[in-house]
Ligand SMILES: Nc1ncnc2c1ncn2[C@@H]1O[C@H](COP(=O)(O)OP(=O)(O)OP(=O)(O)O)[C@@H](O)[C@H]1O
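Single chain ahead, written as structure tokens, the form predicted alone.
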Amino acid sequence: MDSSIEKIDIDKHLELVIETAVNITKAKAGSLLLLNPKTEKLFFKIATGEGAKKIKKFEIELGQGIAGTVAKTGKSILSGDVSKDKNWNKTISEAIGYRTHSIACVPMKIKNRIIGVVEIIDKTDNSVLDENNLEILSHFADLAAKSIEDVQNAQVIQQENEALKEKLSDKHQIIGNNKDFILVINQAKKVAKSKASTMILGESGTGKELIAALIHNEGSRKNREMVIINCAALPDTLLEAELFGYEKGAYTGAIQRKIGKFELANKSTIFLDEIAEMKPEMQAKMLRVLQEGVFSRIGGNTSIKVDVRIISATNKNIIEEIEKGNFREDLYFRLNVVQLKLPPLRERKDDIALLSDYFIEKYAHEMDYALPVKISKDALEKMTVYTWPGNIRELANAIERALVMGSGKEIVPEDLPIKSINKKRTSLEFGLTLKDAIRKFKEEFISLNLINTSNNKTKAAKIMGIQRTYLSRLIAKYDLK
């Protein structure tokens, strides 16, 4: 809901309510005043008649004048002659140059809470406002209060929806500046504009579900929830039931109909995580559904047609699985119209500091730690040289553990539950000349530093203790890519 449109609509509606009340009661002017609970003052929201523009600059204290008294007591006031009314305050009337004779003023309430007042002043035929006018005005005050309540309720719903969106956005937060990672993000955004089936490849913990959510949320189906199922978490019999549902009595324990994930994902997206874990028999059923576009619940004969976008993911080498006969090639072609491959964290070393800061802020907030919590230079170095076999998921767990077990002020190497990097065996071998051995060492040494600095030559040269220009010459000399 657009708040600016909402504001214009309610203002026009309240203005119409007051104008109608004025016309029916044949009053000369009318006003709607709202109570500001913080300042405990009434302000003119709507004003009609002579001096309407001037009157809007005034505020009325709670208990001041007739309007202020009605707002304070919650009781209506009908005054046939204001000059004889003890509650009358002539300040505003004199300021706008209007002489008031009679007033009818009633409170506006939402669930017995006073939110303001509505008043009418004098009659066009110069007669006195009466009880009948007061009763009519009360109905219009109720109508105005109901309109304001509806808007407030809509605003609460809007705020709750925005909070939920923000929460979901946090859950699907994508962090990273690494060029290879950014390339995947940009590819995912392009794919999102189509209906193409997409397969996301990447090691466990690299964020495949995040990319699936990005594709869904950037596409035309974003207003419906993406349906997620982990194909590795269930045996085939249960997986089929989860995907396609079943009818009551389909088998023992099926006491009522179950709607499957495919049916729930109609007009939306289904994310099939760990697709390579699906057994061949289940793969055949899946292929049939994708080819025909229809399926039946287990134990049912009714064909169900759905419009579902398919996003799948696996941490396995899918081509090797096909060659081994573990995954159907025809199903692969159906699922793999577009393929995205996420780089592992060891190839995104330049994102480790950024990701660490994100997880520190996230978990510190959950643990009520005072920010900022810093990472020591040694801890960051330990994290940078580590290979992270569990990728971003492992990094998140490491940061959470460091916050729990550490001082809460600075993360040091001892707080991190990661082992030192295993030394890779050198390619040096017996029989090499000293010249060849030195060359091989230099190639490995330079490559190791470039890999662990994500090809940042300036940083690598600093670590190696040489000039950047000399490093560039060595890279060219040894033809290192």
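A quick note: this is a predicted structure, and the numbers were derived from the prediction, not measured. Counting begins at 1, following the sequence as shown. Whichever C-alpha set is largest while still superposing within 1.5 Å between the two forms counts as the rigid core.
Omitted here: the form predicted in complex with the ligand. The next part is about that form.
- Using a 4.5 Å cut-off to the ligand in the predicted bound form, not one of S356, T384 and K459 places a heavy atom inside that distance.
- From the list 243-251, 356-364, 114-122, 88-96, the contact stretch for the ligand in the predicted bound form under a 4.5 Å heavy atom rule is 356-364.
- Contact check for S204: a heavy atom falls within 4.5 Å of the ligand in the predicted bound form.
- Taking the partner from the other structure, the ligand in the predicted bound form has no heavy atom within 4.5 Å of any heavy atom of C105.
- Within this chain, I259 is remote from the site of the ligand in the predicted bound form, having no heavy atom within 4.5 Å.
- Of the heavy atoms in E321, none are within 4.5 Å of the ligand in the predicted bound form.
- The single contact residue among M226, L210, L272, L239, judged by any heavy atom lying within 4.5 Å of the ligand in the predicted bound form, is L210.
- For the options A188, I399, I392, M278, the residue carrying a heavy atom within 4.5 angstroms of the ligand in the predicted bound form is I392.
- Contact residues in stretch 14-34 (any heavy atom within 4.5 Å of the ligand, taken in the predicted bound form) are absent; none meets the cut-off.
- Relative to the superposed rigid core, E366 undergoes a CA displacement of at least 2 Å between the shown form and the other one.
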